[in-house]
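Only one chain is given next, in structure tokens, and it is the form predicted on its own.
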């Protein structure tokens, strides 16, 4: 195309751009003028204050009238991403939808699947093993019953999660149970249980309980030393087992995605809520025993006093 044919098009484009720039500039000046003109004036007289109150009452009535047609969802009654960490679900209210939403069904590559994980595998999708959540849910509830039973007997529980994203999870779970729960967020030192005299000192090892009653592992593979020491000391273990892990390395396996932070938050939250329930049961049992002992002492005291009378 020759230059003579292009020039009319260039002139038309330049004229159009000048018109658009003038329109934008005038619109900007109008907007600034309207903003300055609509600036609220202070309430100087009684009539201004009365008009302000009437306008506010009209707005509130309008909002109240149309609120019945709107949504009732708020931040307090809807799910938020931080709820799995700060407001976990109780074991009885846990559903497959919650596990699915947290990504617990994602496993590793099919080539990495452990042969002993076959009973917990639903299938393979795009080369990725899919965990059968129909097995995960009852096994998680079984583990919650174990945690509740240990806490109800006054046992000590240790949460182990040595990844950076798991440290707040194990800390929050231990805080939720109370003083009988502990957490390990850094590296598990070899010999913590099997060489406790050197690790804690002879006085502490003899006077205090160093061996826990239950250990919960959120990432078992990097903590094989802890699993071996628990097996030597006959400490029951609960662990999140992915498709590349042998489920037999822990006593109570929970087949799920061990690399998902949300899955770890959900499982640790459910187990910690069960532990808190066990602590409440333990406190009630102690109160009943103390009440029974006091009643027994009062009966013995009354009987002795009656026998001492002439």
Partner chain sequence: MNVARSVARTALRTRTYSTATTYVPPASLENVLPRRRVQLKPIPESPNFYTGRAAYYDQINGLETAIQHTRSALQKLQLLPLPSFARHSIPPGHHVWITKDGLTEMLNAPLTTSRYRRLLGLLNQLDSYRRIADVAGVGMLADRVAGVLEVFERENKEAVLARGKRKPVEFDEHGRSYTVGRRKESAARVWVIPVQKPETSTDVSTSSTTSQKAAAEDVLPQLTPTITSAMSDSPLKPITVTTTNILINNTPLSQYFPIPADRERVVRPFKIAGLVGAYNVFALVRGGGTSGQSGAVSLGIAKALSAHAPEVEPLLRRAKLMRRDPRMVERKKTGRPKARKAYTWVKR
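Remember, it's a predicted structure, so these values are computed and weren't measured experimentally. Residue numbers count along the first chain shown, from 1. Definition used throughout: the rigid core is the maximal C-alpha set that superposes within 1.5 Å between two forms.
Here the subject shifts to the form predicted in complex with the partner chain, a form of this protein not shown in this document.
Listed residues 113, 128, 210, 221 were compared with the partner chain in the predicted complex; 210 is the one with a heavy atom within 4.5 Å. This chain is displayed alone, yet in the predicted complex one of 198, 90, 100, 204 has a heavy atom within 4.5 Å of the partner chain; that residue is 204.
No residue in the set 66, 254 and 307 has a non-hydrogen atom no more than 4.5 Å from the partner chain in the predicted complex. Within this chain, residue 145 is remote from the site of the partner chain in the predicted complex, having no heavy atom within 4.5 Å.
Under a 4.5 angstroms non-hydrogen atom cutoff, the partner chain in the predicted complex has residue 182 among its neighbouring residues. Taking the partner from the other structure, the partner chain in the predicted complex has no heavy atom within 4.5 Å of any heavy atom of residue 248.
In the predicted complex, the partner chain sits within 4.5 Å of a heavy atom belonging to residue 171. Stretch 52-60 is the contacting one of 52-60, 257-265, 66-74, 239-247, since its residues have non-hydrogen atoms within 4.5 Å of the partner chain in the predicted complex. Fitting the two forms on the rigid core leaves the C-alpha of residue 234 displaced by under 2 angstroms between this form and the one not shown. Residue 60 shows a C-alpha shift of 2 Å or greater between this form and the one not shown [criterion: core-superposed Cα displacement of 2 Å].
The Cα shift for residue 285 between this form and the one not shown, taken after rigid core superposition, is smaller than 2 angstroms.
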